[in-house]
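Just one chain is shown here, as structure tokens, and it is the form predicted on its own.
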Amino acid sequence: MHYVIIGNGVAGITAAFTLRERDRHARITVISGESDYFISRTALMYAYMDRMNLRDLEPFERKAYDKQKIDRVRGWVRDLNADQRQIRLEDGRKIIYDRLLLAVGSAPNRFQWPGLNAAKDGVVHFVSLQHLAECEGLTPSTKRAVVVGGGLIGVELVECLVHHGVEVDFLVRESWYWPMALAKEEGELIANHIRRHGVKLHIEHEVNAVRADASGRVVSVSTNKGLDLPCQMLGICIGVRPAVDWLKPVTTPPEINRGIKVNQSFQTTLPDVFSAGDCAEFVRPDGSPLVEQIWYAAKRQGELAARAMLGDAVDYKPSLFYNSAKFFDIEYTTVGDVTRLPDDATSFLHRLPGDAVSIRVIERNGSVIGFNMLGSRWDHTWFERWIHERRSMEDVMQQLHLAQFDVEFGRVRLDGVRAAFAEYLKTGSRRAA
């Protein structure tokens, strides 16, 4: 049996090691055009800030691939012929498979702003190793930068540029910072924190046009509100999309919507071809599409997709959403439903005075459904457990200390939080989430 995996991100590599654990004799080949070894994409910012070198981004020792007899092929795949069970690389090499996993990840969104196509130099993204190299190459000649997009990738690129002494204008088109994940109060808290680091954060600003000089280097960005921002680097961090464009013209493409359409066993519409990770698209019970573009989900999908390739009965159901990250110095943990909530959901929010620390717990029909925590470190598994057990907000607040990590600088005193919650209950001030 020859298992071939296209993509060496967390989904693809997790699948490869899962396959080897179960099948000691199969041939396993992993193909990637980005890198020779799996790298932790979430750590790119630390390499850019010189806190880690490129080798540090590799979670596994290089000898682990040889030890597990996982063949690595460097190259971009350009054709898939499912009738012949064959893929073809850009350099003409052909590889025959018995079962194939498409774990090709995601690509940055790009927009057709006037003048952007003329800017051949200085326009960057921040998702891959190639993007990191581009950013590093431009940094010595960059005094000012514009970063567009108010999510996690955007703020990571902003932090890296600030580290290198670059002046940054940060454009966010929404009414507050990252409403996709933060309520207005938390969004404003993060926005103020970003500004305290010297960043010029512009809320409700969108790119109107991009201007480049005669050599093609970006020199300025104008916004819909009349700002003209000089820059030598433009970072476009407005989300990602499944990296599936290359599959559309192949000999036998799988069915593609936003991502590669799969069933709950990760099977595509092609025989013995599976997909997992950022590029895979499932169907929710209500018929709507689901693409999970988050590291934790991709890792779990990689393991389950491998089991499906081995013949196990797999019925994938997305796990409860959670994420953890940092906004400069502010820790961030979120679990469950925290935005776009039903009208009958209620929310307890407490911000510790003088600190960029806040605690939000969301409840519906007497059970907690979500947590949004800023400025301290939390163990998300407790939050997941309380949501699954349908615990009441009162019960959760009594046990909240259990979810705190016991780290020297990561714990906050909960006395004031409990006092605020008692007042919240006493006054009957349950507010709409």
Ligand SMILES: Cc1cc2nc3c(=O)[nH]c(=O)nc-3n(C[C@H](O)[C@H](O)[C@H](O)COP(=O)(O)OP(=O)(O)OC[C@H]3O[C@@H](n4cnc5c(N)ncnc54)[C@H](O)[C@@H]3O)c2cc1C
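Computed from a predicted structure; not experimentally measured. Throughout, we count residues from 1 along the sequence that is shown.
The following text describes the form predicted together with this ligand, which does not appear among the structures shown.
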query	finding
This ligand contact at F328 in the predicted bound form, heavy atom, 4.5 Å	no
Y316, heavy atom within 4.5 angstroms of this ligand in the predicted bound form	no
Close approach of G75 to this ligand in the predicted bound form, 4.5 Å, heavy atom	yes
E384: touches this ligand in the predicted bound form, heavy atom cutoff 4.5 angstroms	no
Region of this chain that lies against this ligand in the predicted bound form, out of 218-226, 140-148, 262-270, 289-297 [heavy atom, 4.5 Å]	289-297
Among the candidates Y332, Y97, W176, F126, the residue which, in the predicted bound form, approaches this ligand to within 4.5 Å (heavy atoms)	F126
The unique member of S392, T42, Q68, Q404 whose heavy atoms fall within 4.5 Å of this ligand in the predicted bound form	T42
Residues within stretch 1-40 having a non-hydrogen atom within 4.5 Å of this ligand in the predicted bound form	I6, G7, N8, G9, V10, A11, G12, I31, S32, G33, E34
